[in-house]
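Heads up, the chain below is alone and in the form predicted on its own; it's given as structure tokens.
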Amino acid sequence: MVRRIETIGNEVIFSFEGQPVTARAGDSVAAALTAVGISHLRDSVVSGAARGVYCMMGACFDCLVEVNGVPNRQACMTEVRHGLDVRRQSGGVEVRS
């Protein structure tokens, strides 16, 4: 079971899939979601299976989400900010040039 070690710090509220999530200033989106029990962040491009956090250091890309309408953001490398709109990413996203 994942649990927060420290509970000090300013609260930051953002949304995931339209639902409010309370985090701590300085948390990554991945850490904040994991702390409240959310582990399904995206669907696999190949099989459609649920994917979530893996390395928590930006090396694997398993935690890709859409942040404020921008796809392919690594949740583990994105710091929470008040009012962020985070959405689960489904499959691959076409990259525009």
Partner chain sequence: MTRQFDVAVIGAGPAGLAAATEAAQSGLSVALLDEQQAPGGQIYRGIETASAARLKLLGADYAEGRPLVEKFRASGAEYMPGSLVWNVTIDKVVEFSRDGASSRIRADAIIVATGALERPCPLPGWTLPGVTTAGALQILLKASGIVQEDAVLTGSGPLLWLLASQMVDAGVPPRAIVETVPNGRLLQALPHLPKALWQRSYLFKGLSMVRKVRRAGVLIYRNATGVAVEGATFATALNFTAGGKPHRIETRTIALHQGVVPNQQVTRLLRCDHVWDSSQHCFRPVIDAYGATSADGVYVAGDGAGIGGAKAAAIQGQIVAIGLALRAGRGNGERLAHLHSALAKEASVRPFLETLYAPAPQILSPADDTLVCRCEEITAGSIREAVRLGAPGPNQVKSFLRAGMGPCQGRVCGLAVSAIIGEERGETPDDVGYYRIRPPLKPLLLSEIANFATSDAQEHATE
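Positions refer to the first chain, counted from 1. The model shown is predicted, which means the values in this text are computed figures rather than measured ones.
A second form of this protein, the form predicted in complex with the partner chain, is not displayed here; the remarks below concern that form.
Remark: S44 counts among the residues lining the partner chain in the model of the complex, judged by a heavy atom distance of 4.5 Å or less.
The shortest heavy atom separation between M77 and the partner chain in the model of the complex is within 4.5 Å. Among heavy atoms of N68, none comes within 4.5 Å of the partner chain in the model of the complex.
Residues D27, A31, T34, A35, G37, S39, H40 of 15-41 are found to place at least one heavy atom within 4.5 Å of the partner chain in the model of the complex.
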